[in-house]
Ligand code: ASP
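One chain comes next, on its own, written out as structure tokens in the form predicted alone.
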Amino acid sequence: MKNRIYIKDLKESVGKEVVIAGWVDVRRDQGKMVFFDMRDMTGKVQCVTLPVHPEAIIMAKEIRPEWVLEIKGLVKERNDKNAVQGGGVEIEVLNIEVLNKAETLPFDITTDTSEINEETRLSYRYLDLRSDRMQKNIRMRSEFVKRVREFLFSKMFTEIETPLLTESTPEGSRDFVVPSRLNPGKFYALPQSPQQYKQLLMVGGMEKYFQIARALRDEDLRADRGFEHTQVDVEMSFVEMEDVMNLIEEMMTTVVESMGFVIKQKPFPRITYKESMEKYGADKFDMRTEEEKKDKKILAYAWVVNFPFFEKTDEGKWTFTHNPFSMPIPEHIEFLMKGENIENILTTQYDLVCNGYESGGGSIRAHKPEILEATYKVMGYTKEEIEDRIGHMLEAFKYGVPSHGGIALGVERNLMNLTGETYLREVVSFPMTRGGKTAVMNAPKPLEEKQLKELGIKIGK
């Protein structure tokens, strides 16, 4: 649009003719004059049509909320009590061009939409996104990711994408699987995390990797958990626990303080898993006082360390608590190699908690094939099963692997802390419903018979 100016920049154009474009927020017809507020992605401004511009008044009497307009007008200073919202200016309208009309919306977007029925909100998510709160949340998400990126680039990290179509591997949750047309009866899995690929990047000599990674897990939906999530995925070579934790602590401090938040305690307190369970009854907790909880700008970070490596399944077998690729703490490596004292083996896992949520988790990785193999033996895998599951990792680890470790920070969980929201869907553009249905579009739904035939799939009754 030629010469369009954003509402936030109008203050610099007092006395000049400008063109703005956006949505009608509210409209007030006072007979001889019509007032209406225009909204774009940068803010709102009051527009007024005066009797000296009769054509503009005629058009202004027709417009309705959420119509999309292009306005040509004169920017004037405004000194009334509501002037601050419009940046101290208003627009005397010279011409109105209607770019698109809008029907009456199914719900009011000028209020807090969180109280509106979930199915209605998600069916019309593109309207819900126009509300002030959702605009703030989604733009804050973008700012958070941008600042994280800038910090990691400043520390010599390389941003690298890893595949979305991969192999099904045991990582703690059910996989979403994708049938292969070229290989009938065989399936890809969508990644629960880029765990193995980022470790292989360390084998590849990348040393400092990060990715704003999409991860998919077929697990039960909760207020703070969805089928899809985004994580700040980080891996580093030649590091110990302290190196990773110190880097991430510096990153989070730099990012959130630059966004106007206050950290309750620096450096972040460190508490063992055992102490956490004894004091809070959980490995994620909220250290804020009741008074501090009322201030959405206060963030109480802490590290939880010294997690048990293994736990018993319902069948009485051993399984990993976090990640099978982790390294035991140095003094427990011998226990693992001998398969002894399993219940007491601690791992180099570190979780970052904040305001009652797990914000991130990582570990130092087993970088020697015999240690990784020993972990799978403890879990009851035969040599053949180990080869089938992680043979590619064991092979890679034969060729000179640096010590390495990393972390994954959930973008949604961190945004819930920053916004004060209690539901993941409030910080995601197009989230799932509680029943696993997509917003706006109709999925999941049956495939056409032609598609099933191409994939060699038959649906049982």
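A quick note: this is a predicted structure, and the numbers were derived from the prediction, not measured. So that there is no doubt, residue numbering starts at 1 and follows the sequence shown.
Below, we refer to the form predicted together with the named molecule, which is not included among the displayed structures.
- The named molecule is not drawn, but in the model of the complex it has no heavy atom within 4.5 Å of residue 284.
- Within 4.5 Å of any heavy atom of the named molecule in the model of the complex lies no heavy atom of residue 214.
- Proximity of residue 408 to the named molecule in the model of the complex: non-hydrogen atoms within 4.5 Å are present.
- Among heavy atoms of residue 361, some come within 4.5 Å of the named molecule in the model of the complex.
- Residues of just one listed stretch (260-268, 180-188, 193-201, 368-376) have heavy atoms within 4.5 Å of the named molecule in the model of the complex: 193-201.
- Scanning 347, 323, 355, 276 against the named molecule in the model of the complex with a 4.5 Å heavy atom cut-off leaves one residue, 323.
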